[in-house]
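Next comes just one chain, in structure tokens: the form predicted alone.
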């Protein structure tokens, strides 16, 4: 590997580490600037007996474990120590007394399967439609694809999900809703994923379509494309060898950013279809005012975005060597 590329990768690795540290710090600050003691939700308003069995004992244990009765700088050091040990905290309202990691872990696979499949389909469909629209810009196919993409992009996710559920689940009873059992057979899993994946894809593919179309439209006006046509290259070779390799570069950043958000789940989709993923878990944590659980969900989502974008930057080194020369 050239020295320039090694230096670039080293700088990128240091940047990722620094960014994750800043995210962890921000995560700590966001949930400590709130007024009052977050463990007070374990106790009823006005004092008296606890609203949960052992609530007072759990509160005292959390105060001691996380140093919530100490100065803020000592709390931050304790928080970092727990992070390095993989301890993201203890649930205080959603599932009282359980480690946050044991709550998040089972939900993670459901989210990766649901949002991962939907994201891949969105990328494939959107990229292909964008290529067709960009190559045939101004023609009826371009106008049709652009119109369909804009309409799909403007449809509210919750509205589309409810309509699909009402028609195909309640009225026609074709697909089930409100469940995802990954231990079932593949056909059952596909049926369970059909409606939420369709909702996600309709919401997401338009972004990739428009970006690819606009990027390809810009590329087709470049001098090297004029030269390729003058040399008599076939349309397939013009697209494969010259247009697509250059048009895909802006797509990488968008794809990496959206792939990074896979770990956060699709909150609207998961809430509507009651898919037990991280999106629904985040929603439930907000409603339950479970600060440790909400903090962990935020941390997982943001770190996923950082790592995905770092991978995209590394890919740029191989797809466009000029990046290391900047």
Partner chain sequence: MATVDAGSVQTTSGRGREWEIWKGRALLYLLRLWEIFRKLLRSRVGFTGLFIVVGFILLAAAAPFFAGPHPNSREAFRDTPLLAPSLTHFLGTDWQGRDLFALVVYGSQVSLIVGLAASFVSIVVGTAVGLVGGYYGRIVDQVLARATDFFLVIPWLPFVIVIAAILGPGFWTTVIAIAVVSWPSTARIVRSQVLSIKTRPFITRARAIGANDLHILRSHVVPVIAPLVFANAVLTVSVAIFTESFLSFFGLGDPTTVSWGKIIQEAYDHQVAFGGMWWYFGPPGVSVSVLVLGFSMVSYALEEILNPRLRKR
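Take the two forms, superpose them, and find the largest set of C-alpha atoms that agree within 1.5 Å; that set is the rigid core. All values reported here derive from a predicted model rather than from experimental measurement. Positions refer to the first chain, counted from 1.
What comes next is about the form predicted in complex with the partner chain, which does not appear here.
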Notebook entry, point to check: Among 129, 193, 118, 165, which has at least one heavy atom within 4.5 Å of the partner chain in the model of the complex?
Noted result: 165
Check: Between the options 251, 197, 210, 123, which residue brings a heavy atom to within 4.5 Å of the partner chain in the model of the complex?
Finding: 210
Item checked: Heavy atom of residue 153 within 4.5 Å of the partner chain in the model of the complex -> yes
Notebook entry, point to check: Is there a heavy atom of residue 75 no more than 4.5 Å from a heavy atom of the partner chain in the model of the complex?
Noted result: no
Notebook entry, point to check: Taking heavy atoms and a 4.5 Å cut-off, does residue 246 contact the partner chain in the model of the complex?
Noted result: no
Next item on the list: Determine whether any heavy atom of residue 79 comes within 4.5 Å of a heavy atom of the partner chain in the model of the complex, and answer yes or no.
Entry: no
Margin query: The chain here is shown without the partner chain. Which stretch in 155-163, 230-238, 184-192, 98-106 comes within 4.5 angstroms of it in the model of the complex, by heavy atom distance?
Written below: 155-163
Notebook entry, point to check: Would the partner chain be touched by all three of 137, 267 and 302 in the model of the complex, meaning a heavy atom each within 4.5 Å?
Noted result: yes
Checklist line | Residues from 272-296 in contact with the partner chain (non-hydrogen atom within 4.5 Å) in the model of the complex | finding: 272, 274, 282, 283, 286, 287, 289, 291, 294
Check: Can a Cα shift of no less than 2 Å be assigned to residue 252 between the shown form and the other one, given superposition on the rigid core?
Finding: no
Check: C-alpha of residue 227: shift of 2 angstroms or more between the shown form and the other one, rigid core aligned?
Finding: no
Margin query: Is residue 141 displaced by at least 2 Å at its C-alpha between the shown form and the other one when the rigid core is overlaid?
Written below: yes
